[in-house]
Every structure is written in structure tokens, then in C-alpha cells.
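Below you will find one chain, with nothing else, as C-alpha cells; this is the form predicted on its own, and questions on how it binds or moves follow later.
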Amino acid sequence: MNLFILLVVVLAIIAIAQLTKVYDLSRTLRNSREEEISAADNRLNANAWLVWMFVFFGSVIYLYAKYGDYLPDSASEHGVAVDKLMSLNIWLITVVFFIVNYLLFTFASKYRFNPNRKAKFFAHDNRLEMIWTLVPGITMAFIIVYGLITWNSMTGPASSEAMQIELYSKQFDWTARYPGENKVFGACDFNLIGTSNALGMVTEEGVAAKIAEIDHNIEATEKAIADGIAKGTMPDSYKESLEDQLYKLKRHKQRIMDLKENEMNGVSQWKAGSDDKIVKGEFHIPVGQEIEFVFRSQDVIHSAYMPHFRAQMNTVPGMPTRFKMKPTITTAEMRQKLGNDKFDYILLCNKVCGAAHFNMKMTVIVDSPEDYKAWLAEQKTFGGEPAKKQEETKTEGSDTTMVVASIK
């Protein structure tokens, strides 16, 4: 079948080439030049422009009617304003689109070549300059001002009643963190990131466990260097590699030792994190409650995108970013509105961040306030894992209490 299609295409190309040769030969026999266009050809092209204008405009109207309303109702309070802003922009663009293309097609038809008509030449017209400068300028100023007002209303400071949720991004995964009973997020530091502490949460136990782990690695590296020197079998390149690794471990330990225990709202951030709740796979938010999202990134720039809430914000390594919103439609209500029992709100990465970017997503569940409280109460706190790690290191003989005391 593919060979047959290829043969048809090749034959069509050959036929077009032969027809072109026939046309050139006929023009030579008529003793006419290529640039000479007959009045009949001019009329045909002019009328074809008008016919195509109606086909073109009809196609655009059809696409607007079929695909214009491609998103469900906004599920956030600010999303209504965003939809109004986008609708205003698209209608302004549509009006300009039809006016400009109407003039393009009709001028091409009306002012086709006519040997009995001579074009008027003028080098400058102040009225035209005024029109095509002022009209677009005023329109753009209106769009920009209206857009800034909408943007500032979404990104301004959250109210005192807003709850905070941290969304932590890394290739290719999202993690949500909720503050505990103290309503304060515990401190995070990239130096403490590990298999049992993916967010780098700073707690006394976690700091002590990480230092004990580094001390163990330093001791093992120093022993490997000493054994290699004693045996005389260690290549210089491998020795340099181990020494470089040892240097990095000591620097890593020093950065952790330099961490300071700060307070927020009278609560130590080292202690505040113990009751923080960390969830993966899906996170829940209550309907009707203003939420301030705090975004962080471990590796590259990601973009937190929640299309049904009309919310998007870049997540930048080393710099927390924020976005506030108030959900207005629960997941159950949206499923009923759409007639789809499997519908879920979703958090996506909208920045191409690597090979598995397409798979970087997290389900968002909007609950009633009662259901949200019940769900949150079932989530485990962070404090257990570092404590277990500390007990393990104590069993090995490390005095982690003395380590923490020396940091303070």
C-alpha cells in the first residue's frame, strides 16, 4: 500500500512537470511573455480571493463554535477574572483578525491590475499615521492595565486567614507539605536531603543523624586512603579521587554545622517541622478556603500548573515562589457537572524539565471542609523518621546529643 501511494505521488509530480512544459511551449507559440497577465486571469484571481475569503472566515467561525470553549468552568475564585481577561483578549484579536483579513482580500480583489487606472502616490499622511499609532497604542495600554490589575489581585499578599501548603518539585515528582498544629513550616536545607529526608527538613534529630552519617563516610574514606598508602598499591588518580571526596564530605559537614536555629512566630523552626505532614501522589485542599501555595524546586526550573484553577507559577531552585487561590468547586461537584465519575483536578509541570517531564503530575482533591479535616487528620507527621534514624546511630555508638549541642 505504501509503495502504491509513493508511485501515485511520483507520477503526480511528473504530470505537473509535463503540464508546466506544455504551458511554457504554448506561451512561446503565442509570442507572450511570462510576466504578461491577461484581463481574464486578473478577474479570475480577484474573484478567487473573494471566494477564499468566505471559505476562510467560515472555517474560523466553525472552529470557534466547535473548540472555542475547551475548558470546564473555572474552579477557583480568581479563575473567573482570568477567564474574563482571556475572553476579552481573544475577542479583541478576533475583531482585528476579521477587519484586517477583510481589507486584505477585498483590496486584492478591488485593486487588481487595470491598464486604464493609475495609482495615486503620496509619501506621507499625518491622519493615517495618527490612526494606526493611536488606535493600537490605546488598545494595548487598556489590555496591559487590565491584565496588571488582574495579575496583582492574584499574586498580592494572602490574607491572614489563608492556609499555607508547600509544593516541592524535583525531576520528576511533586511533594506537598502541610504545617502541623503550630501552623509554622519547619526549616529546610538542601544539605540535609537524603533517602529518608527528601525535602531536607531541619530537625535536631535529622541534623545529628546526617552528621553521624557524614562522620561515618569520612572515617571510611580516611581508612581507605590510609590502607591504600600502606599497601602501596593505590594508583595516584584513585588516591586523588578519594582525597577530593574527603574534602567534599568535610565541607558538607561544615555547612550543616553552620546551620542556625531560627524562630518564626515564637516557634523554633528546627522543632516546628516535626509535626509537618508530607504527602505524595495526591494532595487535598478545602473548598472556600483561601490557600497560599509556596513553591520550591530541588534541581531545575519547573512550572506548577493547575489548569482547572487557572493557576501557574514557576518553581525556582533556591528561591521560594508563591501563589494564592480560593477553590470554589469540589471534586465531587465538578464530576457531577461534567458527568465524569473519574475526573480529577491535576497539578502538572508546564516547563520541559527533562526526559520524564510528561509524567510529572499530581492529583488535586478539593474536599468539603469536613472531609478535608478528616483526611488531614489521617496523614502521618514527619517527626518519626529522623527519630528512628537517631536511635540507629546511637546504637552504633555515636553521641548525637553532643553533636546537636555543639551546633547550637
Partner chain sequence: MGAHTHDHGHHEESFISKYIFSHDHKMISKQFLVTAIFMGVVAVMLSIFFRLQLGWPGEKFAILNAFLGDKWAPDGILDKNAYLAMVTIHGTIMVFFVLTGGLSGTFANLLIPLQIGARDMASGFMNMLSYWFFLVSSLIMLSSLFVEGGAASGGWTIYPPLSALPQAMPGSGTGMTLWLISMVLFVASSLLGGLNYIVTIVNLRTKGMKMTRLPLTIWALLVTAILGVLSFPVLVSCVVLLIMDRTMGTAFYLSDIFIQGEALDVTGGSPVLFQHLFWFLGHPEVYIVLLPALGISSEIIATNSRKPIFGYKAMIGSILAIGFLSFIVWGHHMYVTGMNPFIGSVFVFTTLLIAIPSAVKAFNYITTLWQGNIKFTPAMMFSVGLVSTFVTGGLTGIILADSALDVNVHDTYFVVAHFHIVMGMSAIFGMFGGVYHWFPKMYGRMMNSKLGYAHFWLTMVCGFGVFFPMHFVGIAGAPRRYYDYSEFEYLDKVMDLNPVISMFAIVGGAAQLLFIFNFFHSIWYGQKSTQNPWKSNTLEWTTPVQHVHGNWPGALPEVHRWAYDYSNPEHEEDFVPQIVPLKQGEHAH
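Residue numbers count along the first chain shown, from 1. For the two forms, the rigid core is made up of the largest set of C-alpha atoms that agree within 1.5 Å on superposition. Worth saying up front: this structure is predicted, and the values here are computed from it rather than measured.
From this point on, the text means the form predicted together with the partner chain, which you will not see here.
Engineer: Where does the partner chain sit in the predicted bound form: which of 159-167, 219-227, 109-117, 326-334, heavy atoms within 4.5 Å?
Structural biologist: Among the listed stretches, the partner-contacting one is 109-117.
Engineer: Decide if the three candidate residues Ile16, Leu103 and Lys248 all line the partner chain in the predicted bound form, where lining means a heavy atom within 4.5 Å.
Structural biologist: Heavy-atom distance to the partner chain in the predicted bound form: all three under 4.5 Å.
Engineer: Name the single residue among Lys280, Lys239, His252, Lys183 that comes within 4.5 Å of the partner chain in the predicted bound form, judging by heavy atoms.
Structural biologist: Residue within 4.5 Å of the partner: His252.
Engineer: Is Trp375 one of the residues lying within 4.5 Å of the partner chain in the predicted bound form, judged by heavy atom distances?
Structural biologist: Contact with the partner chain, no.
Engineer: Does the 4.5 Å heavy atom contact test between Val364 and the partner chain in the predicted bound form come out positive?
Structural biologist: Although the partner chain is absent here, Val364 would stay clear of it in the predicted bound form, with no heavy atoms inside 4.5 Å.
Engineer: Taking the shortest heavy atom distance, is Glu370 within 4.5 Å of the partner chain in the predicted bound form?
Structural biologist: Contact with the partner chain, no.
Engineer: Can you tell me if Thr233 lies within 4.5 angstroms of the partner chain in the predicted bound form, counting non-hydrogen atoms only?
Structural biologist: No.
Engineer: Can you tell me which bits of 89-104 touch the partner chain in the predicted bound form, meaning any heavy atom within 4.5 Å?
Structural biologist: Result: Asn89, Ile90, Ile93, Val96, Phe97, Val100, Asn101, Leu103, Leu104.
Engineer: For Ser59, state whether the C-alpha moves by 2 Å or more between the shown form and the other one after rigid core superposition.
Structural biologist: Result for Ser59: yes, a 2 Å-plus shift.
Engineer: With both forms fitted on the core, check whether the Cα of Trp49 differs by 2 Å or more between the shown form and the other one.
Structural biologist: Result for Trp49: yes, a 2 Å-plus shift.
Engineer: Does His124 move its CA by 2 angstroms or more between the shown form and the other one when the core is aligned?
Structural biologist: Superposed on the core, His124 moves its C-alpha 2 Å or more between the shown form and the other one.
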